[in-house]
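First, one chain by itself in C-alpha cells, the form predicted alone.
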C-alpha cells in the first residue's frame, strides 16, 4: 500500500494535515514515532499519588467553577474513595466547562503537584467515563503533531497503517546477526503499541532494542546513501592536475614563514587528490589561526599553473576582503591577477572583474555569494574553494561548482572550516567527504587566557582595557548578539561606541558593524590594522577573518547569548601575535540560562577547538555545526549521534559489505528511509 488515498478513512483534510508534518505515504507515517508515552493502563488512588509523577486518576466531580482571582481559571475538584484532587485550567473552552459538571465521572492524566489544599494537576488530559469503562491495555503513544491534528486522529491513522501495510525486511539476516534486535515489523508494532510490562525508562531514553533496531536501520541508510554518492563522484571527470614545478616553489620562497608539518601534510593530501581525474571533494578543517588560507593558496597555484581558474567564496565581506588582500599580496609578485567580486562594489569595478574572469585574464576570483550569480562566468574554472562552508546552503555551493563544468569536466572542490567536525559528525553527515585536518598551530602563538566576569564588575574591565591600550596594545569590544532585531543590535553597538569614546578620551576608538558601507568598514579595519585605532567596537561581524597581531585583549558582552563555536571564533581574533592575550567574557547573572552557563563553562575551560566542537554537539545537537538552517540537510529522526555511536561504527562497516554483495537490497533500504526526505549529502 503506497498511498493514503487507498486507505478507507483517510480524508483529504487528514492527508493535508499529515503533509504539514512531512508525511506523504503510509511508510512515512509508520516511521513517525512517538515522542513519549502515557501510562493509562492503571488508575492510581488519590491518596497514593506522588508529587512530580505522571499518574491517571478516576473520580467524580464534586466542585466546578470559573474563578477570576488572581486570574481567570477553571477550578475543578474530583473525589474518589481515598481523597480529593484539584484540577486547574487557565486556558479552556465552554465545552470543557460543560463536560465537567458536578456528578460527572472523569478519568484524568497529568503531573501531580503540591497545591494550597493538597494534590493538584494543572491542565491534565481528561475524558468522561462510565463506572465500568475499562482501562487501556497498552501504553498510550504521544506523537509530534501540528495544529488541527489531534493525538486521537493520529493514533487511529497509525493503527490503520499497521493493520494494512506489509512490513517486510529490506536487508539480509546477516546484517542483524550480532545484534539482539527484534524484526522491523515487531519493532514498529512495539513502539506504536507498547505493553505495560515494558520498562518505561527504556522507551523514554530509547535504549529499548526496538528503538535501537530502527536507529541502526536509519544510520545504515545514511551510510549507504553517502557511499553511493561517493562512488558516483569517483565516476565523474575532473581535470587531472600535475604537481606544481614553478608557482608553488616561488610562493614558498617568498613567504616570511615556513609551513608547519601539519600544513605540509594536508598540502600533500590535496595535491594527491588534484592529480586524480575525478573531482576532489575535500574538507580542510583546522582551528582558528592554524593557517588554512596558505594551504588553499598552494592548491590554487597548482591549477593556475596548468591554466585553470580558481574561485574562493567566503560568507562575509570582511572575511572575503581579508582573503583577497592576503592572496593578492602573495600572488601579484608571481604575475597572477586576482579578481575581487562582491555585491556591494561599484558597478564599474564589478564589470571589470567580470570581464577579467570571463576572458581568463584573472586566474583567481575572491568574493562573497556574488560569485555564484548568473551573470558571473569563468573561462575555465578548475577549483572552487568555499570557506566556512557550513554557512552556505547546498544550492549555493552547487551553483558555484556548476560554473566550472567545462567539456564534461567538473571542478575540484575544497571546503574549509574553522569549526572542527567531531568524529561522529564526520562519520555520518560528512562521510562522503575526504577530510584533512591541520592539527597544530604555527609556532610563536601564545595561549589565550579566558576570564569569566559578571557585568556588575564592568568598571574593573574598563580599567583593564585602558591600561592595555595605553601600554601600546590594542583591544576589541564585541557587542552582544541580538537575534530578534538587527536595528536593536546596531543601536547597542552605536551606544557602546559613544560610551567608550567618552570613557576613554585619551584613546582612539573605532566602530565596525554589518550595516556600514564597504569603504567605511575597510577604512576602520585599516585604521585598526595599522594601530591608528587602539580600541575597536564591533558586532559579531568580526567573528571570522580579522587578523591583527597587535590586538591582545577582547571583551565580549553578554557572552551567555552566543553559541560555543561563535565564542571560540571570536576569541581567535586575539592571540595572533607574540604578546600574552586575554579574552574577557562578560555575562549577566540574572539572564544567564542553564544552557548559557554550560557553554561558558566549556569555553572557559578549553581552547581546543575539537573539544569545544564536541561539547557543542553534546549541548546543542548537530544542527549548529552543520548549519542546518542554511544547508537543507535533514536531521536524523530516530538515531542520536552521541547515544548511538556504537551503532554508527557498526553501520559504517556493514555498509561497505552490503554495497559489494547485495546492491538490490541497498536500493530497497534507501528507498524506505530516504524517500522520507532528501539524501544525507553535503554537496
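All values derive from a computational prediction rather than experimental measurement. Residue numbers count along the first chain shown, from 1.
This protein has a second form, the form predicted together with adenosine-5'-diphosphate (ADP), left out of what is shown; the following refers to that one.
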{"query": "Contact of residue 182 with adenosine-5'-diphosphate (ADP) in the predicted complex (heavy atom, 4.5 Å)", "finding": "no"}
{"query": "Contact of residue 290 with adenosine-5'-diphosphate (ADP) in the predicted complex (heavy atom, 4.5 Å)", "finding": "yes"}
{"query": "Touches adenosine-5'-diphosphate (ADP) in the predicted complex: residue 576 (any heavy atom, 4.5 Å)", "finding": "yes"}
{"query": "adenosine-5'-diphosphate (ADP) contact in the predicted complex: residue 547, any heavy atom under 4.5 Å", "finding": "yes"}
{"query": "Candidate from 263, 496, 588, 140 lying within 4.5 Å of adenosine-5'-diphosphate (ADP) in the predicted complex - any heavy atom", "finding": "263"}
{"query": "Listed residue (258, 186, 82, 101) with a non-hydrogen atom within 4.5 angstroms of adenosine-5'-diphosphate (ADP) in the predicted complex", "finding": "258"}
{"query": "Non-hydrogen atom within 4.5 angstroms of adenosine-5'-diphosphate (ADP) in the predicted complex for each of 343, 369 and 519", "finding": "no"}
{"query": "Which of 293-301, 360-368, 188-196, 554-562 sits within 4.5 Å of adenosine-5'-diphosphate (ADP) in the predicted complex, heavy atom basis", "finding": "293-301"}
{"query": "Residues within stretch 164-199 having a non-hydrogen atom within 4.5 Å of adenosine-5'-diphosphate (ADP) in the predicted complex", "finding": "none"}
